[in-house]
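In structure tokens, the next block holds one chain alone, the form predicted alone.
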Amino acid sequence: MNRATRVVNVTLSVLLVTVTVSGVLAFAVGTPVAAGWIVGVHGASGLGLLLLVPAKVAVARRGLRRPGRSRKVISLALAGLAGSAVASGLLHAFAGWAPVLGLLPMQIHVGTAVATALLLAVHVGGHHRRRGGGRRPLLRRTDLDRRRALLGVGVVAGSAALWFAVPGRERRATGSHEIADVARVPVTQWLFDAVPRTDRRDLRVRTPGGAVDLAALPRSSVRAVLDCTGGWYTEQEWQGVPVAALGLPAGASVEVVSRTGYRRRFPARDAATLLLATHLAGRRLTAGHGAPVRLVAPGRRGFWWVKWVVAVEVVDEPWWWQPPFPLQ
């Protein structure tokens, strides 16, 4: 591999790692200030990939002339997936959250990005094998010389300039587009959960002290932002009973459980801000939006807002001792 080729490949690798890590963090963080920085790094890194396209095309042409069919197939597939990830990200920024061929742009973006990361690991692992079973190091001391540093600074500066010059439609700090009309809020659930059959009149929730009828407790209201990882958000008035009003015993964490088995764990200190909602914008929740009871978790992304709540449990494990994203 000549020096120029390695400069391009190392720079691309750094950008791909940065865009992947920041993309995962952007999904997890719902607070505006932190999310704004993370999404900014994510978007600028993705645009930085576009700046290196001409150089990478020249490198790829030389590589495709070499023997080895499987490597060529992987290289072309990787280019197609990475291009689709960037294109769908731009589509989300400019067109909003409207579906394309039955899928949201953000769903296409995430799906192709995950496939790109997996295929990249295979590609890099095979590319750096030496004869005899050894491996070339992914990074070398020479990768930190002045020439590479200048290229890195140039790519970072160009990426940032593109990010500010091509802002797309107005979005929240997390990158989500607003849905102001409550009637247009989509019905979504995490992964493969289906809307269960429930009795909207049954407002009982299991707790360590027994079943609690939420209808018998005073109702509170909170205006909170539901920010879905599908790429949209809505700010609405939610009515229900604060988790703190359930009289839970002391514990390290509070776990909220759905009828489907879906569950998320929160620090005990959040009990005062968590709301077991029964109404949205003054009306009873519909089945698709979590009736009869759903959790409202201000400041957290939509997958924390557990639907079809049947139980609130107190556990001794810390709240962070769980998968960062639900596996169900």
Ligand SMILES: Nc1nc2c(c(=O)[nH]1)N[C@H]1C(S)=C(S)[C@@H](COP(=O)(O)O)O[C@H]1N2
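The model shown is predicted, which means the values in this text are computed figures rather than measured ones. Quick note: we count residues from 1 along the sequence shown, nothing fancier.
Below, we refer to the form predicted together with this ligand, which is not included among the displayed structures.
Visitor: Check whether Tyr262 has any heavy atom within 4.5 Å of a heavy atom of this ligand in the predicted bound form, and answer yes or no.
Guide: Taking the distances in the predicted bound form, the answer for Tyr262 is yes, it comes within 4.5 Å of this ligand.
Visitor: Residue-level contact is defined here as any heavy atom of the residue lying within 4.5 Å of this ligand in the predicted bound form; does Ala77 satisfy this criterion?
Guide: No, no contact at 4.5 Å.
Visitor: With the partner left out here, check for me: in the predicted bound form, does some heavy atom of Gly158 sit within 4.5 Å of this ligand?
Guide: No - in the predicted bound form, heavy atoms of Gly158 and this ligand never come within 4.5 Å of each other.
Visitor: With the cut-off set at 4.5 Å between non-hydrogen atoms, does Gly302 touch this ligand in the predicted bound form?
Guide: Within the cut-off, so yes.
Visitor: Quick one: from Gln107, Thr207, Gln189, Gln236, grab the residue that has a heavy atom within 4.5 Å of this ligand in the predicted bound form.
Guide: Checked against the cut-off, the match is Gln189.
Visitor: Of Val225, Val212, Val185, Leu248, which one comes within 4.5 Å of this ligand in the predicted bound form, counting heavy atoms only?
Guide: Flagged contact: Val185.
Visitor: Using a 4.5 Å heavy atom cut-off, indicate which stretch of 239-247, 252-260, 199-207, 214-222 touches this ligand in the predicted bound form.
Guide: The contacting stretch here is 252-260.
Visitor: Select from 280-304 the residues with a non-hydrogen atom within 4.5 Å of this ligand in the predicted bound form and write them out in sequence order.
Guide: Stretch hits, in order: Gly288, His289, Arg294, Gly302, Phe303.
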